[in-house]
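Taking the form predicted on its own, here's one chain by itself in structure tokens.
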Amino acid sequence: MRNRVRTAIFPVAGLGTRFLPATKATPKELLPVIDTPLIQFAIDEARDAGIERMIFVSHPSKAAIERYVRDDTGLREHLCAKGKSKLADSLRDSALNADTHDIVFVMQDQPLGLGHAVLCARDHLLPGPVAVILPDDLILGERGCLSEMIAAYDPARAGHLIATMDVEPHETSSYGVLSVRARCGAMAFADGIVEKPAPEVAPSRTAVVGRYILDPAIFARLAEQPAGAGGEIQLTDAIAHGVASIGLAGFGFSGTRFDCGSKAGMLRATLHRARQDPQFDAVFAEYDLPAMLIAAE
């Protein structure tokens, strides 16, 4: 039980400036990939992984996220009264129910970085290691990325486990990159992590994406972590500080990752899902869109 991952943190306080004006009124996490908001994919991934408590680190201007996440019995009753019981059942199934999951919302009033967002959840954690899911890193596959990571997690080998993927050399300056000392199957054991290195100094091409399992010691470090790049508290810096004592590994997941924090990534994810649904075949034929155009990043 001590090493069981029971808590997941969802940092959703960002203002989504790359998607303005759409995100002026609608949180980025509620933007849909066809008909499913980004936050729903993250919630489903956490549920499938057996997470018991979900902590959403949000912003006061993004109340719509909490409304979406929680079950709305009034809306479901209205839909049933209109003869739309199937839709009501779908809404019930997608929402989080307080009877089956702990749901916590905390506010990050200032944009002080991912490390600060994770720290905001400190008072609400269940014992044991903690997962962090970034909803705009959409990972689609037969098995959820977090489920794969939890199955592989061994704190005796590495207390911090981060989802990783190999990127092209010119892309390293857009990611945190591991300094890999050994590889074993899907695991890349590291002795350091560098934030956005130039290609000529990058220690590897093993890049960090938005899934983490963190040893609880990370919170003590974050509490005293000085501001780093951009005046923000960087989660990467806190992870790097504990490499020698806690251990760090990257995990090569089996799914396909889409960077839905960018417009191009959101379009790729939408096309990818549409291509899997026959009802959109006529649209692809109309615009003569070959399969190569929906390749992941």
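The numbering used is simple: start at 1 and walk along the sequence shown. Quick caveat, the model's predicted, so the values are computed rather than measured.
We do not show the form predicted in complex with a small molecule, though everything after this point is about it.
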Among V57, I51, I239, A42, just one has a heavy atom within 4.5 Å of the small molecule in the model of the complex, namely V57
Indicate whether the candidate residues A13, Q108 and L114 are all in contact with the small molecule in the model of the complex, with contact defined as any heavy atom within 4.5 Å. yes
Decide whether D136 counts as a contact residue for the small molecule in the model of the complex under a heavy atom distance cut-off of 4.5 Å. yes
Quick check on T17: any heavy atom within 4.5 Å of the small molecule in the model of the complex? yes
Consider K62 of the chain shown here, and say whether it contacts the small molecule in the model of the complex, taking contact as heavy atoms within 4.5 Å. yes
Is R268 close enough to the small molecule in the model of the complex to count, meaning some heavy atom within 4.5 Å? no
Partner-proximal stretch of 66 to 74, 24 to 32, 241 to 249, 43 to 51 relative to the small molecule in the model of the complex, 4.5 angstroms, heavy atom: 24 to 32
